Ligand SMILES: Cc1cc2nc3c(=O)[nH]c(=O)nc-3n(C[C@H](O)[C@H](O)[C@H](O)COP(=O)(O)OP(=O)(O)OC[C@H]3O[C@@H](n4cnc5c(N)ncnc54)[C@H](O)[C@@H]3O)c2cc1C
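Form predicted alone, single chain, as structure tokens, below.
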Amino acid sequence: METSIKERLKEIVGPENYTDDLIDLIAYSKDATEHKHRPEAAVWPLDVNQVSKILMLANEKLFPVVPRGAGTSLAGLPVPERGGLILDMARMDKILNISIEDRLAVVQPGVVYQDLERALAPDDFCFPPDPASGAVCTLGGNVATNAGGIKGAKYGTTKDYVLALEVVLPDGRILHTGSQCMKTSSGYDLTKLFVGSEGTLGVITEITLKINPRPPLVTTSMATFDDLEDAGRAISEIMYSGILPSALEIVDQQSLKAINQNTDMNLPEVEALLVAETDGYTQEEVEFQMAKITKIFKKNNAATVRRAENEEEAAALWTARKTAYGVTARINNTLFVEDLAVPMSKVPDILRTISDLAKKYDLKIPTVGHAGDGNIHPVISFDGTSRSEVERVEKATKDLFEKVIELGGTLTGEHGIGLAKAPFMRMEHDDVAMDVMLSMKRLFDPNNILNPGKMGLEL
């Protein structure tokens, strides 16, 4: 990056909001994956006009710009693969408005998910998607990846709650999409176009979100299964039984073993453990839902079913699921956290496929996931310094994705494509779909300055 460009960036954001210090550039070189590449500079814009001026400069001088939230991505989304500038949105972190009457919140992209939840709590409202990294991830990143979480089975993902956006286009123009109404049929749905676009079409600078009242009553239960297919069938049956659990999560045997090796929880090392949650506004409602789930657990040969009697017991039941990722990180020096999703009826098939691939390629693949919406997270744990092991992982990953697509599934349920799954995009999307996506990229970003190299969209 030319010195003159760096000086211009300092003029736009101020010297205190610019860095090219080596220690900062190393920090910005990666996310929560193994992908890494160092940028040439980074800035912290404070308002939409600064973002606009930065993108106008980038479009004129043709240097890459990579928007970044908290860097919690599990797909390489904010990794500056081609160098250039990191646009760190963390200092645009204001909650601009909360209107309980209109059921909406207006926020800047740097607002942390949990901070919005705390602001909504006094009115007993919430923003439902509940990503696992909610304590640190930012809402701009949630929108850019269409993030989801454990509540997805009942409440959906981020796209279901974005009403309007302010977006700076690659040429610096400022676009406003959507409305503050609960519904609109006016023109093309440009709002949804940017949700999940991974920072490849524009930079989000303001977000209007629909918010929900928080159900006051919750029940939780846990079931163990000695057979993986029984657990899969229980999941599928629950989801077409006429009720919607607020959460339905799975932890497989390899994850349970890892948890026991690294904690004192002493969990049963069964083939699968399911944690279910129901919520509602009357005790009768939540009890009816949980009774139906319990009946299905038992019908599908659950070895044990345990019901939480209070909040403390509920938290204990959730510990197994929420501990899983942290302990699997200790198994080996490298992790690939996959994010596939399949139709609900195919959950038993994909669970068995993952187990079979682990045996075929002699790999540890602990698996957890949001079973209630078919979003499964195999965590491939391996020695990244062993070439032979890396080759086995590559073969297993390809086999896994081929099976996912064969079952009518998708490469990613909530993490996004980024760098991690870009090589497999054409496995899921046919030539016409890829051509349309490439045409949209050319329309919005003809100079390919915004997050280049992501999503397999090469101009």
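Just so you know, these numbers come straight off a predicted model, no measurement behind them. Numbering starts at 1 and follows the sequence shown.
Below, we turn to the form predicted in complex with the ligand, even though it does not appear here.
For a residue to qualify, one of its non-hydrogen atoms must sit within 4.5 Å of the ligand in the model of the complex; none of 224, 255 and 369 qualifies. Distance criterion of 4.5 Å from any heavy atom to the ligand in the model of the complex singles out 109 from the list 178, 170, 109, 84. With the partner omitted here, the residue from 251, 144, 238, 276 that has a non-hydrogen atom within 4.5 angstroms of the ligand in the model of the complex is 144.
Of the heavy atoms in residue 344, none are within 4.5 Å of the ligand in the model of the complex. A residue is said to contact a partner when one of its heavy atoms sits within 4.5 Å of a partner heavy atom; residue 68 meets this definition for the ligand in the model of the complex.
The closest heavy atom approach of residue 198 to the ligand in the model of the complex falls within 4.5 Å. By the criterion of a heavy atom within 4.5 Å, residue 46 is excluded from the residues contacting the ligand in the model of the complex. From the list 145-153, 115-123, 282-290, 299-307, the contact stretch for the ligand in the model of the complex under a 4.5 Å heavy atom rule is 145-153. For the partner-free chain shown, nothing in 379-401 comes within 4.5 angstroms of the ligand in the model of the complex, judged by any non-hydrogen atom.
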